[in-house]
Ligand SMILES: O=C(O)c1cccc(C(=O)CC[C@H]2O[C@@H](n3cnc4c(=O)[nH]cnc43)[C@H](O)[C@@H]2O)c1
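Just one chain is shown here, as structure tokens, and it is the form predicted alone.
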């Protein structure tokens, strides 16, 4: 699937994710660049912007940008450890304002879009999402970008109430997508996540990070094939 693009930028958060992807895509040579852009939306937005500008000034712009890494999965949506998710919506799930619960807003939250201040989601091209999901053997769904990861079952339920199509929770996808959208020549964006833990009550002992990193490498091996 990645071979359909001349130049691909893959933005991960941390070196372990970068290395898992780079190992799988090494055979594609310089057409795929993988970077560790930092944790959270601000860090990856800055890193993505720098990479896009550098590539453009070098006369070798990217024609696909992928946010990638491990994530929490929403078990209530049937997403479990080791699964791969390709986002059909990239959502800033906690960018907004807390409100007192009312009949009109029982979740007690208004997004910046609800408040009239901007956008909180990006929708990757459906054809690219479908091709990536088929190649990687992944399911599709919304991937929620948060600045504070979920640590209670109550918050997981609140997120699912607001986003019933949510499949996974991560921290960087929206930052990557925002950076690309602000670029002078917008480029298709994907988000690919493999699941290391369930979203909900924080239980570090139940996380399976090595398994998720292995799944990430396997998924990108299929995407590169």
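Positions refer to the first chain, counted from 1. Since this is a predicted model, take the numbers as computed values, not measurements.
Absent from the display: the form predicted together with the named molecule. The rest refers to it.
Here the marked residues 39, 172 and 213 all reach the named molecule in the predicted complex, each with a heavy atom within 4.5 angstroms.
The stretch that touches the named molecule in the predicted complex, counting heavy atoms within 4.5 Å, is 71 to 79, out of 71 to 79, 84 to 92, 115 to 123, 129 to 137. Contact annotation for residue 10: none of its heavy atoms lies within 4.5 Å of the named molecule in the predicted complex.
Taking the partner from elsewhere, residue 49 is found to have every heavy atom lying beyond 4.5 Å of the named molecule in the predicted complex. Within 4.5 Å of any heavy atom of the named molecule in the predicted complex lies no heavy atom of residue 152.
Using a 4.5 angstroms limit between non-hydrogen atoms, residue 158 is distant from the named molecule in the predicted complex. Looking at 207 to 223, the residues that come within 4.5 Å of the named molecule in the predicted complex, counting any heavy atom, are 207, 209, 213.
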